[in-house]
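Structure 1 and structure 2, given next as structure tokens, are two forms of the same protein chain, each shown alone.
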Structure 1
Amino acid sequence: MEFAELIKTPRVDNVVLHRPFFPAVEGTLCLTGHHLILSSRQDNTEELWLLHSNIDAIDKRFVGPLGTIIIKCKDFRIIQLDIPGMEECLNIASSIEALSTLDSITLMYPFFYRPMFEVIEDGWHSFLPEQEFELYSSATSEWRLSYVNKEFAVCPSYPPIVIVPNAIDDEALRKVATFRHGGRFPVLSYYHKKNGMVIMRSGQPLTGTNGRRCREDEKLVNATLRAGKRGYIIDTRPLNSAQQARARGGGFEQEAHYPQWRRIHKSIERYHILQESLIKLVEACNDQTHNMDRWLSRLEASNWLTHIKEILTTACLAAQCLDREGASILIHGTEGTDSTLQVTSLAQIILEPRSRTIQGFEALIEREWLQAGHPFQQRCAQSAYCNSKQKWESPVFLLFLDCVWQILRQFPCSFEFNENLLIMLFEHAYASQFGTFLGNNESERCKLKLQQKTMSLWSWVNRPSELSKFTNPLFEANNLVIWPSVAPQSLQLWEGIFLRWNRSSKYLDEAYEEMVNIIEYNKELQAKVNILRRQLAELETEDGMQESP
């Protein structure tokens, strides 16, 4: 298919652009295969380049010969185009609709994007499983790398290399895979060096109504326990949902077969419930007619902060089991690709100082989201504005980023990165020039040959000129476990995401710049103090030598 077939009117003059915090601009609108571009001849006017894949929905209005297209973006921005001529307006609207809903992944922009910057490091090879395993292997010999999924034959949503207990061979892993949803047998997610306890994750066991069991699965799960120790299984579904899953062939671990494990059920919502929550929240944030009562009631009705609380509470529970109880844990829900990953990754941010650095956080996203098989292509296909809701869309990753922001806000000096990194990841998960978030798992990315045909997001982010934008000036390395408060009073609406197009951040930006300047000035003064102290010490030494006979 040629993009030209979808572009009925490639260019229109005298189009007026309205967008948040900018004056209206008149210019020429151009449509390309991947971008909507508006350029003006006015001096110092910034061009608009909008990826079609960032467009969530469009509305059309007509007043006489003038047509208006309202574009609602996946990053929650709303822009308006006033287009002279009804035919041109209709043509532009239908072209945008066609270009923003392309079925084929290989027609998306990452396959056509050619970077204008020098690639210093290949992001596709920045976070390999072997490198991550080296961090653990120095502390323990109880785990090994398994290549059992080398051809994605055992589990289509797992990476080719996984970390498993040393005592379990590959043949046993194949048997366990047939007993777990989607073939997702238990694998290592995190090793707590302080006490040797671990977090494992998996899909639900396929016990069914007959109470089916798998001795290899029991052996694998028990291989993570120390002598005389108990473990915890955290099921991210409420008990009644887990029991209902048995009727569909799923289920949960029976106490009789896993006697050393205590099962805890938590309730983390998924799928359409989260999507509806996001839609209600964005609608509330965009409504400028609120009085205080109405705003607070709509915020509460969205349930967004309730979901944040549920996820953070479960992550804190997981971290507590490891660090305070000295117990290993296994986490799963149904598939093990959504709420499971939210909990495992947030528990690591609480427990592991490295996960709070830029490189460590990127490694966490790569390991616990991309390689672990979170279906980004399905979950992020649409955002808060799209009308044609399908079953698979859900802001699971955005909720995770929001939870990270809540912890960052409570511990502003413990993170090497700032909220700009979180916002950037949200934007690129939904629409990007990079191939990192394409596909639903490593198997799909391998078939699409993303490493050969597209650029990694990390190749761009990790350049020094970009890293400076994402670096937290308040950062002071903190090697302790950090325990966030999950009390309702402690959780706030993430204004940097949900209100950034509704109110100007000019004064906040100015305050941030002033803070950076103060910190830099403080460092300069500290350096001068150190020099003066050295000089004083040298003078005192010289005086002492002169006084001695």
Structure 2
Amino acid sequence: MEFAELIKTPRVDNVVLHRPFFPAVEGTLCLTGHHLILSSRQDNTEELWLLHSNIDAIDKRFVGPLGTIIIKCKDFRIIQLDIPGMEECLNIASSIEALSTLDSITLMYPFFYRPMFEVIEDGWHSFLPEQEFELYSSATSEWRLSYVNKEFAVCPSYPPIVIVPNAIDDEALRKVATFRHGGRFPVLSYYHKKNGMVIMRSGQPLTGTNGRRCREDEKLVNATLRAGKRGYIIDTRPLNSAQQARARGGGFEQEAHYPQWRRIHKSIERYHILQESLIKLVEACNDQTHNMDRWLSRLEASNWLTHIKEILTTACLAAQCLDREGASILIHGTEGTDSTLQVTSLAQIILEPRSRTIQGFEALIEREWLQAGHPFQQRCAQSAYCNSKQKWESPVFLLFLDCVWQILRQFPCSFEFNENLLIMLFEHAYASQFGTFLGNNESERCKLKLQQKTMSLWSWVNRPSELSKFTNPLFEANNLVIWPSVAPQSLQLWEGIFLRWNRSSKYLDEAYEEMVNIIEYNKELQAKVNILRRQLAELETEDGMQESP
């Protein structure tokens, strides 16, 4: 297919662009295979450079011969284009619609994007599972790398390499895979060096209504417990959902078969419930006509913060079991690809100082989201403005980022990165020139040959010029566990994401700049003082030596 077929009108003059907090601009609108570009003719600068894949929905309106297209983006921005000429407007609208909903992944921009920057480190090789495992292997010999899933035959949504108990051989893993949803047998998610306890994650056990059991599964799960110790299974579903799941072949671990384990049910919502919550929240944020009470009740009715609270609470609970109770835990919901990953990754943010550094956080995303098989392609296909009822969209990853932001807000000096990194990840998960978030799991990414054909997001981010934007000037390494408050009073709407296009951030940006200035100036002085001290020390020793002979 040629993009030219989809572009009925590649170029229209005298188009007026309206954006919040910017004056309207008149210019020439151009459509390319992947971008919508508006450049004002005066100084030949681009005013707008929008990826088609960032477009969530469009509306068109006509007043006489003047057409208006309202573009609603996946990053929640809304822009308006006034296009003279009804035919042009219709052509542009239908082209945008077609180009923003390409059905083939290989037509997406990452496959065409040629980076204009020098790659210092290839991001596709930045976080290899072997390297990640080395961080643990010095501390423990109870775990090993398994290549059982090399061909993605045992579990299609797992990566080729996983970490499993040393005592369990690949044959047993294959059997366990048949007993777990999607073949997702329990694997290591996190090893707590402080006390050797672990977080494992998996899919639900396929007990069904007749209480099927799997000895290998029991053995695997128990292999992670020290003698005489007990563990906790955190099921992210409420008990009744877990019970209902049995009718569909799923289920939960029966006490009788897992006597050393205590099961806790939480209720983290999934799928369309989260999607609807996002839609309601963004609607409320965009509607500025209602009065104060309407705003609060709509914020409440969206339930977004309720989901944040529930996810954070569950993550804190997991971290608490590990760090305070000294117990290992196994976490799963149904598939083990959504709420499970929210909990395992947030627990690590709380427990593990490394995951609060930029590199460590990227590694966490790579390990707990990309490798772990969170279906980004499905979940992030559409965002808050999507009208069509599609089943798989869900802002699971955005909720995770929001939770990280909540912790960051409570511990503003304990993270090496700032809010911008989280916002950037949100944007790229939904629309990107990089291949990182394409596909639903490693198997799909392999088939798409993303490593050969596209650029990794990390290749771009991990260059000093970009990193400086994402670095938190307040950061002071903190090696302790950080316990966030999950009380409603402590949780806030993430304005940087949800009100980003609805309020001017001028004064907040100024404040951030001032903060950077204060710290930079201090560092500069520190460096100067250190140099002078050294010079002085040298001069004075020298002095002493010259005098002593």
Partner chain sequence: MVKYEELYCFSFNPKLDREEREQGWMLIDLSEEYKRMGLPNNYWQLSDVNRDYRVCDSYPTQLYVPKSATAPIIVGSSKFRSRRRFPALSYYYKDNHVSICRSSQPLSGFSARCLEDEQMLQAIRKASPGSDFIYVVDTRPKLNAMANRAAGKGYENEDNYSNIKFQFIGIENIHVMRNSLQKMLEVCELKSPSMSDFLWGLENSGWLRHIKAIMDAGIFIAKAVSEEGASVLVHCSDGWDRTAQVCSVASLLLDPHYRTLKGFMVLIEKDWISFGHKFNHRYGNLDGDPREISPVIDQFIECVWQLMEQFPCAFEFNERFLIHIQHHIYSCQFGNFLCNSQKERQELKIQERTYSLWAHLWKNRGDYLNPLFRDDSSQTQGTLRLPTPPCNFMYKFWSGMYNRFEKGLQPRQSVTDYLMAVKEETQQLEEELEALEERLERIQKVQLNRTQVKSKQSEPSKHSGFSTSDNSTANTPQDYSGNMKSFPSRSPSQGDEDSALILTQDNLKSSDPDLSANSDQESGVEDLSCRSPSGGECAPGEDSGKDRDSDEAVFLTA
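Note that the rigid core is defined as the largest set of C-alphas that superpose within 1.5 Å between two forms. Numbering for residues begins at 1 and runs along the sequence of structure 1. It should be emphasised that the depicted structure is a prediction, and the values quoted were computed from it without experimental measurement.
Between the two isolated copies of the chain, the form predicted on its own corresponds to structure 1. Relative to the superposed core, K523 undergoes a C-alpha shift of no less than 2 Å between structure 1 and structure 2. The Cα shift for Q535 between structure 1 and structure 2, taken after rigid core superposition, is 2 angstroms or larger.
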